[in-house]
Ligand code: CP
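Just the one chain here, laid out as structure tokens, in the form predicted on its own.
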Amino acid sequence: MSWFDLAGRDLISELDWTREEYDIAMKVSDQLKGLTYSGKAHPYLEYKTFAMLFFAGSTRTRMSFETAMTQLGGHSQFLNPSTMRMSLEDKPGAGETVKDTAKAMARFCDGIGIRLLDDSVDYYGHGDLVMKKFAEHAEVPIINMASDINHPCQSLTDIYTMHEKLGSVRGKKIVVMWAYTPWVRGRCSVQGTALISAMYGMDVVVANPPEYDFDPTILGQCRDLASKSGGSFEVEHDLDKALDGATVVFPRNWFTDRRYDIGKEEELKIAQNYVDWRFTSDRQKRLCDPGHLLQCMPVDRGNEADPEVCDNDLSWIYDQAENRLHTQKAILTLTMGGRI
């Protein structure tokens, strides 16, 4: 395995890269973070362009990728698909096909990022399918900036942050818990973090009410990764039992597998049955050991997590947010052929 083996590679699913390849990305993240804090220039992607298709809005994703390309000496190009002539439907009269868009864009840039999830898709799996179509036709790396299934950039950030804070993560317990909020949120962040935590030998517990199971394929992948890594994986429907002894807690809402059939209003009615599913200060103190807060943000303060939990010394949310910059610089440098 060489650092340069990642040049030209896509990153759409967490499983697209091996644990050894993520190890490389974390080493590069460390190096780039050090250069950032030392004030030393590192224009490893000088004159290169990263095109970013944002079907769905963002705060941290857009800012971190744009800052990353600036610090690497290149350029990020923000593209709003609503102003383009592209269509996700491959039929006459609908607009330019994904194939033609991808092939043309690849002539102008050195990598393409796509953010397509939740309210921007018609069914679960639609965003993932579009990204794979881009990867089929574009002769540059495709980077998943969040799909309806996976979020590998966030997942790498989360495992990097846990390594940074804990040292070895093997055998540490992380609870990925469904948390109440009146927002209807997707599965990509929670599924991705569960996957990469299982890959690194953590004891992963997914805590959720019965209606809120993960994608069955993701559950199977988590179990397989945990078996291979020496970690463990389980699903628990009793929140307090799940939180017992947790080193890290990731409280985040996600929708049921019926979301696109029943609509948002019905989703909210189901969620109302579980308003007590919150990461509270009491639960952190009473059950966890110690219960560091990991949350990709935006966090619904007072619902998903208590404000005190977000702001106390056990919270990692701002360091975690910053690390998006450093890990994504590593992803861009490695996949777009930077020389370190």
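Start at 1 and count along the sequence shown; that's the residue number. Here the structure is a predicted model, which means the values were calculated and not measured.
The same protein also exists as the form predicted together with phosphoric acid mono(formamide)ester (CP); that form is not shown, yet it is the one meant from here on.
Visitor: Since the partner isn't included here, can you check whether phosphoric acid mono(formamide)ester (CP) sits close to all of K48, T67 and L332 in the predicted bound form (heavy atom within 4.5 Å for each)?
Guide: Looking in the predicted bound form, the three residues K48, T67 and L332 all stay beyond 4.5 Å of phosphoric acid mono(formamide)ester (CP) (heavy atoms).
Visitor: Can S38 be called a contact residue for phosphoric acid mono(formamide)ester (CP) in the predicted bound form at 4.5 Å between heavy atoms?
Guide: Judged by the heavy-atom cut-off of 4.5 Å, S38 is well away from phosphoric acid mono(formamide)ester (CP) in the predicted bound form.
Visitor: I'd like to know if T59 sits close to phosphoric acid mono(formamide)ester (CP) in the predicted bound form, meaning any non-hydrogen atom pair within 4.5 angstroms.
Guide: Flag for T59 set to yes.
Visitor: Spell out, yes or no, whether the shortest heavy atom distance between P298 and phosphoric acid mono(formamide)ester (CP) in the predicted bound form is within 4.5 Å.
Guide: Because a heavy atom of P298 falls inside 4.5 Å of phosphoric acid mono(formamide)ester (CP) in the predicted bound form, the answer is yes.
Visitor: Mark H326 yes when one of its heavy atoms lies within 4.5 Å of a heavy atom of phosphoric acid mono(formamide)ester (CP) in the predicted bound form, and no otherwise.
Guide: Taking the distances in the predicted bound form, the answer for H326 is no, it never comes within 4.5 Å of phosphoric acid mono(formamide)ester (CP).
Visitor: Can you tell me which of 259-267, 219-227, 176-184, 148-156 lies within 4.5 Å of phosphoric acid mono(formamide)ester (CP) in the predicted bound form, counting heavy atoms only?
Guide: Comparing against phosphoric acid mono(formamide)ester (CP) in the predicted bound form, the contact stretch is 148-156.
Visitor: Using a 4.5 Å cut-off on any heavy atom, which residues of 188-207 would contact phosphoric acid mono(formamide)ester (CP) in the predicted bound form?
Guide: Stretch hits: zero.
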